[in-house]
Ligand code: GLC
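Only one chain is shown below, in structure tokens, and it's the form predicted alone.
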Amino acid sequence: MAREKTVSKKPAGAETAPVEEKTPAAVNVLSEKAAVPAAVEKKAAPAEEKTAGTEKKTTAARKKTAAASKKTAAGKKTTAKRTTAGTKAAPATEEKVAAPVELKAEPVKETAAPVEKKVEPVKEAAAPVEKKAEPVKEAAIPVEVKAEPAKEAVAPVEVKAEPAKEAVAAPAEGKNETGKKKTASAEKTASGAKKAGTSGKKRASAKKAEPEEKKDEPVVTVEETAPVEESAPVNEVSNLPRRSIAFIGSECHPFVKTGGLGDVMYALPRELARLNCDVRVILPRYACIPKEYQDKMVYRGEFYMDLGKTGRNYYVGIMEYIWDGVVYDFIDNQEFFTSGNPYTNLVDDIPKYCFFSKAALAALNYMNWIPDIVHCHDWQAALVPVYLRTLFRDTPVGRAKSILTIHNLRFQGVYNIPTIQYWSGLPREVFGMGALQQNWVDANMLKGGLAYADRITTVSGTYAGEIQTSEYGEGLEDHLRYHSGKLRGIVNGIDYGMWNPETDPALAENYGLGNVLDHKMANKLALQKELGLEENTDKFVIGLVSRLTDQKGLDLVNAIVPQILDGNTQMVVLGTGDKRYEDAFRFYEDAYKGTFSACIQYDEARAHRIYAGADALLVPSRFEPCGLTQLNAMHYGTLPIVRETGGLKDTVEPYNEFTGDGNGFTFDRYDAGLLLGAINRAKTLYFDNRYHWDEVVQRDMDKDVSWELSARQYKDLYLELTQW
């Protein structure tokens, strides 16, 4: 109601003269039916007659207008309903015209010279009104709604009021005294005008009428309105520079996975696609890929390719699967990929991955999809950068830049030089000491890839430094120090779609940051029941989800299990690996029934339940390039107990009992006694100061361990390599 009163309180004033001039123009537009609704046209005719009849009265009232205008600025109130035919209608007509006339002052100057002369007096007479420009603009919408009470020349003005509000309001905001107002104000004005009003059809008609009424103005209106539309993009990510990336690797969840590489090949391309990258993932089409995915693959083509010095041409089929914005292309060859597991032994794996590396690049040429970046992973795809700079140098894909990521330096693809020469067909010069040659007689596929790649990355900053030392360099420390200028460390993340306690279907009860303290105990009880442990929430449950190998520090764990199980502690182990560890953990399960559980298997759903039901998770690795289990545990509110190495050091800050800082428990030297000390510190906090324990649980769940930050770092690296 306040807006109606503000608009209707203006009596006839100095603005009457422009109304006389503009009324015929408005009636002319109505007569031409330039996108004006039928209901408005019917009202226009009587308004035209009444306007002609009141012209004399309006002219006679000009002298009174100046005085009335001053009274209007002083705040004299009248209502639109009191407006009737005859002389009394003039104030209503003038007050509704006031806002549009003032807003349209500059457009009118450009459109009609006669009217332009009358604009100056209007501005002088309406000086007080200019101070109330914003209230008048706000009242423009009620003017349209109250069109019916205004029976004299209001219908034509109403038609122009809406376009004037929407198209001219933005320029009025931008053309203030300083001339520097941001388009945000104009955007609010325009969006408010679009949402207000009761008749969507009338609004559309009014918008269409504007270009026909002002044929000189569209350029001005468009120039002011366009920035308003561009100032609020739907998603800022879409404005990022676009790059195309081909991921080439030996495994990818959910098709085939044996370790962390499968998770990275799955999650990183999806996040990069969200960051406006065009991504393809190229994989071998193993026979072990589940049938549900095999059946959905689409045939893309086939060709034959020579391989090394075999003197044969090998079949290369391309099968495609598209999922969540990422294209997965599978290289098909029954001769190389029919085994049940991705990795068997080097005698079979060397020919398999020589074929795969060359076929992946040939497939990109065949599909005519030339990426900006070829991103390779581990030794199985390490020959790709070598092929790219030698045999494929003069082909379309040869212009791509290459990145090689080290997920685990221990595995390098080392075999004698004649065998790798025979299967790869690479020129003799690449088998020098600066590239593939190692120990004078062997060829190292990973070493060659590191030499020829444009950039080298590994999965944490600490690990990038460690692998340049003799302790962690696995014989390549000198080579890596030589190429340290192109080495980067980018820590991995986890996929929140796959690892999310709020939506995880494997859990007994879902929970989030806000209710973890209420529901985590229910998952502990469910885990204890599932594994045959004593069902008691007061027990401290330690989980271990890992490959059972020396690298994971299981010799340390094996040495202290009896000391860990002190009567208040339970332990759960999940994984497969070396037989000696599998047998040792089975022994502990028999010796400590109800307290120790050994699940010698790989069970993804059970791993989720261990992350949710355990209180702490052990990751005592001898070395760990990044590690994903500690990230999963933190996101599920389970505190990690880790050794300070590689990505474990980068992601877990030791708890400080004096300041309360930290998000886990750590030890530095590779020693069983130090591991036991870290476990005991965790127990002490859990049993003696549960309040602070719960604080750390919530701090871990609140920590961002997703792929978003890591993917942005990779995107920056791609842009660094392709600066055009």
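Fair warning: this is a prediction, and the values are worked out from it, not measured in the lab. All residue numbers are counted from 1 along the displayed sequence.
Just so it is clear, the following notes concern the form predicted in complex with the named molecule, a form of the same protein that is not shown.
Among heavy atoms of K552, some come within 4.5 Å of the named molecule in the predicted bound form.
In the predicted bound form, none of the heavy atoms of I373 sits within 4.5 Å of a heavy atom of the named molecule. In the predicted bound form, at least one heavy atom of L628 sits within 4.5 Å of the named molecule. In the predicted bound form, none of the heavy atoms of V397 sits within 4.5 Å of a heavy atom of the named molecule.
You can rule out all but one of 314 to 322, 405 to 413, 389 to 397, 528 to 536: in the predicted bound form, only 405 to 413 has residues with a heavy atom within 4.5 Å of the named molecule. Screening R270, H519, R488, R547 for any heavy atom within 4.5 Å of the named molecule in the predicted bound form leaves a single hit, R547.
Checked against the named molecule in the predicted bound form, the residues G260, P640, P284, P351 give one hit for a heavy atom within 4.5 Å, which is G260. Interface residues of 455 to 469, taken as those with a heavy atom within 4.5 Å of the named molecule in the predicted bound form (partner not displayed), are limited to V459.
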